[in-house]
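Just the one chain here, laid out as structure tokens, in the form predicted alone.
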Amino acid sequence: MRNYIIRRVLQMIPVFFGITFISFLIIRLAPGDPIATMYPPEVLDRINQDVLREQLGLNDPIPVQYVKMMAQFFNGELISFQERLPTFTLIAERLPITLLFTLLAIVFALVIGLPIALISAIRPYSKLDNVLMVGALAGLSVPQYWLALVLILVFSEQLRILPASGVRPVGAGGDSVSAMLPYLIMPTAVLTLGLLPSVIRYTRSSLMDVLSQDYIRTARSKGLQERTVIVLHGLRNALIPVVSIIGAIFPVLLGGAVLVESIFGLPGIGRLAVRAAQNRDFPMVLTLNMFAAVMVLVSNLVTDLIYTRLDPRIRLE
């Protein structure tokens, strides 16, 4: 196990640098001037743009800019063009918000989706199963931005029971979860409903396949209770595809938070990424890309390790 983890980590290093360089190259070659977004037009006319461009390193070749920014990143000295603050600081301030409602969405999707998939798999092709599968397919077809706007219209504009934007009451400080909870209900619901159909469909399909295996029939022939057979013997082995989904979707959810955070006005890394891309804030974009790359690579590694816990037959060579 230890040798496998070491080997995977070593394999991640070139992949990490390749992802970050390609991402930096794309944003660097995109049209737009970061200096034009840093100052109002009347201020730009009074400053020496060539000197500022030299100070920011924008006159260097793109590979040189990348190497310098990577060195500054690992030294903790990479400064955002727009915010004039370390990129680490900006991400650290916003990451808890994004992680909080993203993790809540995954937990609720599993808590709601697994029992539904279990009921559906036990009675396949019944009326109840057909209704649940139609609902899951309908959930896959609903755009998240439309669902978010409908929730705002109903619960904020008409019923006036939930705040439409922000993360805490005006004037409130700190990171009290109780104060933030009303502001996170609708964003969490949008992400949960986006993830729930996939959890239901994949778990149902996997569980139906597992329940037809010989070892399930053997467990039943031994006189074990049906609940024990299904939950302990069936559901555990059926969770492997679900773990794959969560492992692959977790980084995507963080990316999908861009839309949710923009609609609900949450100060998370999603809105930070949008603003950095719009303003050609190359240090911020590079840092966010590195964060996303690490999330994907670590998520894949953790998923492989969880496989061995769910199924002892799987060995990591």
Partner chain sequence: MTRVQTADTSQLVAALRDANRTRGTRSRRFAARILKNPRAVVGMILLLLFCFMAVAAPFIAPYEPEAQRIADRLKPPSADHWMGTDALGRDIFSRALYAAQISIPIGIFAMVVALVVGVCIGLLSGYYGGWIDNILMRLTDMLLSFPIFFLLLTITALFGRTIPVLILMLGLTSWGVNARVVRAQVLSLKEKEFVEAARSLGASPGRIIMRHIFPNIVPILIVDATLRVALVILIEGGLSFLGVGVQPPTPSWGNMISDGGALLRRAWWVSVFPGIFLFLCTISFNLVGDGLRDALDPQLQR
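Small disclaimer: the values here were computed from a predicted structure and weren't measured. Numbering follows the first chain given and starts at 1.
Although it is not shown, the form predicted together with the partner chain is what the next lines describe.
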(request) Have a look at 187 to 195, 127 to 135, 112 to 120, 230 to 238 and name the one stretch with heavy atoms inside 4.5 Å of the partner chain in the predicted complex. (result) 127 to 135
(request) Report whether all of I62, M70 and G265 sit within 4.5 Å of the partner chain in the predicted complex, measuring from non-hydrogen atoms. (result) no
(request) Indicate whether V107 is a 4.5 Å heavy atom neighbour of the partner chain in the predicted complex. (result) no
(message) Contact with the partner chain in the predicted complex for Y215, defined as at least one heavy atom pair within 4.5 Å: yes or no?
(response) no
(request) May I ask you to check whether S23 falls inside a 4.5 Å heavy atom distance of the partner chain in the predicted complex? (result) yes
(message) If we define contact as a non-hydrogen atom of the residue within 4.5 angstroms of the partner, is K222 a contact of the partner chain in the predicted complex?
(response) no
(message) Just to be sure I understand the contacts: of L140, A179, L85, L99, which is the one whose heavy atoms reach within 4.5 angstroms of the partner chain in the predicted complex?
(response) L140
(message) With the partner chain taken in the predicted complex, which residues across 287 to 301 come within 4.5 angstroms through any non-hydrogen atom?
(response) L288, N289, A292, V296, N300
